[in-house]
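Here we start with a single chain on its own, the form predicted on its own, put down as structure tokens.
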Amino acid sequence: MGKALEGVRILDFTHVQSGPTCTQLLAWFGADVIKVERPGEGDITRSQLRDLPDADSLYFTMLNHNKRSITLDTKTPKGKEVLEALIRTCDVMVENFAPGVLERMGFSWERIQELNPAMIVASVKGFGPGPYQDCKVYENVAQCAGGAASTTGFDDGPPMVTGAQIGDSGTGLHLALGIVTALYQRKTTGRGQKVLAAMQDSVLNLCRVKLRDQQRLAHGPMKEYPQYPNGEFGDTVPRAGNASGGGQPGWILKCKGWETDPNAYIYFIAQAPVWKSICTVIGREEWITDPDYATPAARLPRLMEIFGTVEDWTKTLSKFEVMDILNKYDIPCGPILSMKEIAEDQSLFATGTLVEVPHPTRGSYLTVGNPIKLSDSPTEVTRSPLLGEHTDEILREVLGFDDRDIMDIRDSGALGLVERMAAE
């Protein structure tokens, strides 16, 4: 069975997280992703946060599955020739360099178009065109500039960033969609185009409900926020703690063992259609008809009291026992799962969401598989490449160089000192 993106060749000039997230997803769908790396060192994450000496870090391995690696010094004349050949033969170039780097390398959009008018050039940048377009951006900067941090945390505390990498990985996912869309349009136009995913834009897209709430502020207090009715609303969207952003009142509640287990909690939603069931489960049947609790409008100013009463019940049970009981009544809830609990969840292995991957230098490691499942294009997760592992293979099979050509390229220093010495 063929892969969805089989036949698409990606020239991967990305590093760290945002770009590699994008190209890994494309590789999982069958694209041939050729990762271009600096001789001798490669992607900086090969050594960042390293947990085993002389082995690629998990930071690198978990973002570069299913790719091929070629080392290339593009500052040498031969290296530049090889890169030009790769541009001619690839469908997409993906890069997340700092602004202006490609141009300084001699590969402006105009030059790339000369070499391959059908090439799609996809870029991750921190900001789009504007006053900050030349600024460097990292994960937490993107979360702050995109509105996430200002709306995360509790109202009486500072802004907070989230552990989910919505700036880096979130932008990579947006860029992957842009690339696939550009490839689809190329079928009718025959032309390449530029695809830009700015990290600020991507975070803001994921925070759209907060932009919604910014506009709602002009028409009175937002009653689903915990600041209602006793707190104050200013002129900007406040931090809402663990309140839901979708209009369904929810909160994180303690479960049995919370005193020693930092994750003995459950997220509970007081959904209106199952209010009678909630009252029955927690032993407060009188609330079903009590005018102070019987309707959603009546409950809004009493939400924290309601959650406190529900918590008195959840604290007598484990989070999984709570979930089992509430699910029988279709009451929305979800356990706070630790990374340890997730890593041991066999159902996630069964679906391919978690995968054990063998590696020649670090042994087997656990990684996240493709989160998107296609019925006719199943994903096989293969290990990340060693630095320059596929250099000869790419020069020979992709670019059509013969032994003499490859030797000339090596002797020129285009593949780096380490590779020349290894060949000798």
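Quick caveat: nothing in here was measured; it's all calculated off a predicted structure. In case it trips you up, residue 1 is the first one in the sequence shown, and so on.
There is another form of this protein, the form predicted together with a small molecule, and it is not shown here; the text below is about that form.
**Q** Can you tell me if G126 lies within 4.5 angstroms of the small molecule in the model of the complex, counting non-hydrogen atoms only?
**A** It does: once the small molecule is placed as it appears in the model of the complex, G126 has a heavy atom within 4.5 Å of it.
**Q** Would you check, heavy atoms only and a 4.5 Å threshold, whether A164 touches the small molecule in the model of the complex?
**A** A164 lies outside the contact set for the small molecule.
**Q** Would A98 count as touching the small molecule in the model of the complex under a 4.5 Å heavy atom rule?
**A** The answer is yes: A98 has a heavy atom within 4.5 Å of the small molecule.
**Q** Just checking whether K136 would be counted as a contact of the small molecule in the model of the complex - the rule being heavy atoms within 4.5 angstroms.
**A** Close contact exists here: in the model of the complex, K136 approaches the small molecule to within 4.5 Å, heavy atoms only.
**Q** Go through D73, D213, E224, E311 and name the one with a heavy atom inside 4.5 Å of the small molecule in the model of the complex.
**A** Contact residue from the list: D73.
**Q** Taking the partner as it appears in the model of the complex, which of 285-293, 151-159, 117-125, 336-344 has residues with heavy atoms within 4.5 Å of the small molecule?
**A** Answer to the contact question: 117-125.
**Q** On the criterion of a non-hydrogen atom at 4.5 angstroms or closer, are R38, D168 and M199 all touching the small molecule in the model of the complex?
**A** Each of the three qualifies.
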